[in-house]
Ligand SMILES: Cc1cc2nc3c(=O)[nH]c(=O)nc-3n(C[C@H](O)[C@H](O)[C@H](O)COP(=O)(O)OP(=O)(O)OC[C@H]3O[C@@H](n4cnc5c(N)ncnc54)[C@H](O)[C@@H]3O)c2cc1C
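Heads up, the chain below is alone and in the form predicted on its own; it's given as structure tokens.
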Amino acid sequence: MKLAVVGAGWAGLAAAVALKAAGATVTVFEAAPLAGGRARRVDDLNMGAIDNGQHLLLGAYTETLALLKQLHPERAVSDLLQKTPLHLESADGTFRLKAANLPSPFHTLWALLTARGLSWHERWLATLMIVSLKQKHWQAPERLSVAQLLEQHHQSAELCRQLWIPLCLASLNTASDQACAQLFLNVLRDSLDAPRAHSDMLIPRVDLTELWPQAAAETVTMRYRHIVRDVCPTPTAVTIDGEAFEGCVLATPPYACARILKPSENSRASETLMAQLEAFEYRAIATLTLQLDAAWHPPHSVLLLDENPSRGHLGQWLFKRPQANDQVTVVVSDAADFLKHDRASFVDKIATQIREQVQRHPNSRGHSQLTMPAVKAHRLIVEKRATFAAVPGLQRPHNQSPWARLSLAGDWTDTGYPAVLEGAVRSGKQAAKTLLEALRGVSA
């Protein structure tokens, strides 16, 4: 079979690997000069190989981890990912939630009941919410927002500020009053109400392209720097810029799919798909990588930052990069407004935010080495359409398109997850399976 994949992001490459394993000859079209899509390496003059966005994986990312093992059989997963049991801590140390080495679900219940920085009543309310949600099989009423869900379960303002809102922004990249409660519950279910290892926090030790996309790309025919203009599905083939293939997985963002899809004839199903593609709205994510003038080891590898927009303290998460002792990254989710700020002022205020908050951490008292060194260089990367807005009621397309020979892949398809890497990988694998089954059907 001569098959094509359009898009070499995590979804497209996961599909390509699956199609290749089924015996197909696979050609992947990619507009960029390297693999990875919105989770890829960026070569910086001052800092070397960094990433276009900081990503935190979870132990619940079973399909991604399986793909890692498949593509790197000679390497241990620990060489590629730094694993930490669930540990959420504020930069100033006032809040900490840490899972115990206990069987599920006791590891998360222990974490909630012993959380630092919350009153006993707040810890109890959080625990009751998790127990109640589990009893309801992690199902939320249709069109309920995360904020409404938290209000229904009587979560206090401080509990929301310290725990639930940061988790909502990190996983859905959408403000809690707009974010879909069901998608949020799906993330909590698969990370907290699952085997203990599923709540592990995994930080890549290598750049995101090296993590697995490059290895995947080496197994198929890649056409880099090819901007696809037309994908035309017909009953007998799918043509890509005039070249015919027996089938295709279209793995570009919704707005790109809507632009390049040129069906030979329209139908009600194709019109419905086009309407779904055009209904997506998008949210930005900003990642600021800081090159320090000396090595620095913050109190923990992942820290929550307390925001104060009036002072320009817009950072939400601080990550210690495992690849370099003198580099850290700061993430700002749902980041559209900050783009109005002056670049130099923005970096200075973020650095001040980190220093002030880490200096208040109990472990920093009397330890001058925990003070963050001066910033020597920086790289600010803003993905303006990093994710779709994960709002209630959004109708996301299935993998099967209206045309038998064309399937759809991407974290925006109906995966049951928000726009996370595991959703992209699962979507790619399912799109490949869907296409292969459809091709068997049309050839029967």
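Everything numeric here is computed off the predicted structure, so don't read it as measured data. Counting begins at 1, following the sequence as shown.
Below: the form predicted together with the ligand, not depicted.
Residue heavy atoms within 4.5 Å of the ligand in the predicted complex occur in exactly one stretch of 65-73, 31-39, 372-380, 389-397, and that stretch is 31-39. For the chain shown alone, Ala419 is a contact residue for the ligand in the predicted complex, at least one non-hydrogen atom being within 4.5 angstroms.
The ligand is not drawn, but in the predicted complex it has no heavy atom within 4.5 Å of Trp403. Not displayed here, the ligand is approached by Thr252 to within 4.5 Å at the level of heavy atoms in the predicted complex.
When the ligand is considered in the predicted complex, Ala256 lines it closely, a heavy atom lying within 4.5 Å.
A heavy atom within 4.5 Å of the ligand in the predicted complex is found for exactly one of Ala275, Ala294, Ala244, Ile227: Ile227. With contact defined as any non-hydrogen atom lying within 4.5 angstroms of the ligand in the predicted complex, the stretch 187-219 contains no contacting residue.
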